[in-house]
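First comes one chain, alone, set out as structure tokens in the form predicted on its own.
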């Protein structure tokens, strides 16, 4: 084992500085504020306030929205990834889809909200086109500004993210596994049921948790689409820290800490499942 040189330590100093300034220091300030009263004393009232009916409802709404978008994104993204990686598509088309997914997975906020309003809003292009053909989406109960409308909007970045993170697992399926299964008399369905699915299951579940965490902290897209009418936790947090009526920064810190704990649990489970998937593929 070679000794670590001083130049190696010098190379990681920017990373330590970045982590200290933008992760450790804000988290310490957040935890302290969550257990602090407006007068500066220690209190558990802020954390106890998370059980209030309106706050609990906001957490439950955020969890349901994140679960729905993560589930639909996982299924549709997995099907897309299977078509791209194992479907025999031309290499130029595979590269084009992968490049688009790399951009779309990071496309959110006001531009994404505007794009969907211009497409599926009440006067959006697709809405008006379908209405001219006799299919009125909003008369049928659809609304872009509802729970399922937001879920559909989230799919724009959830599905591409699923493709990007599940592609290595699909590429790790060795051809000799299918050949061995076929030599033993297994058809395609039996191969996926007894070989492919068990091998991919940890990766797929890990990706689902990653998509859940990705959706749980989204604020800009929701607030651009619905304003403050859709009371998910990030909007409630924004109101507590920056609002004029619900201004209570310490309760906002407690809300943020609750979100952090949910994200930590999701990411720890994701890392555990990813480690298990990597052992399968070695």
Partner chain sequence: MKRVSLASWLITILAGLYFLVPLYAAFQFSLQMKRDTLSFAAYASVFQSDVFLRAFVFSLVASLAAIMAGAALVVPTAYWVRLRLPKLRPVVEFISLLPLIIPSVVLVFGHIRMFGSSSFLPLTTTDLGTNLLLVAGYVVLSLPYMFRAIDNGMAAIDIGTLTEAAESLGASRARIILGVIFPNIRAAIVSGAFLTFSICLGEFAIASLLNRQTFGPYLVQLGQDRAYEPAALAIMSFGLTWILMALMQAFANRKPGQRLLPFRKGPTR
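Positions refer to the first chain, counted from 1. Remember, it's a predicted structure, so these values are computed and weren't measured experimentally. By rigid core we mean the largest C-alpha set that fits within 1.5 Å across both forms.
Keep in mind that the form predicted in complex with the partner chain is not shown, yet the notes after this line are about it.
At the 4.5 Å threshold, heavy atoms of residue 256 reach the partner chain in the predicted complex. A residue is said to contact a partner when one of its heavy atoms sits within 4.5 Å of a partner heavy atom; residue 160 meets this definition for the partner chain in the predicted complex. Under a 4.5 angstroms non-hydrogen atom cutoff, the partner chain in the predicted complex lacks residue 74 among its neighbouring residues. The partner chain in the predicted complex comes within 4.5 Å of a heavy atom belonging to residue 237.
If you check the partner chain in the predicted complex, you find no heavy atom from any of 33, 49 and 130 within 4.5 Å. For the options 152, 204, 165, 137, the residue carrying a heavy atom within 4.5 angstroms of the partner chain in the predicted complex is 152. Taking a 4.5 Å heavy atom cutoff to the partner chain in the predicted complex, the contacting residues in 10-24 are 11, 12, 14, 15, 16, 18, 19, 21, 22, 23, 24.
Core-superposed comparison between this form and the one not shown: the Cα of residue 32 travels 2 Å or more. Positional change of residue 21 between this form and the one not shown reaches 2 Å or more at the C-alpha, relative to the superposed core.
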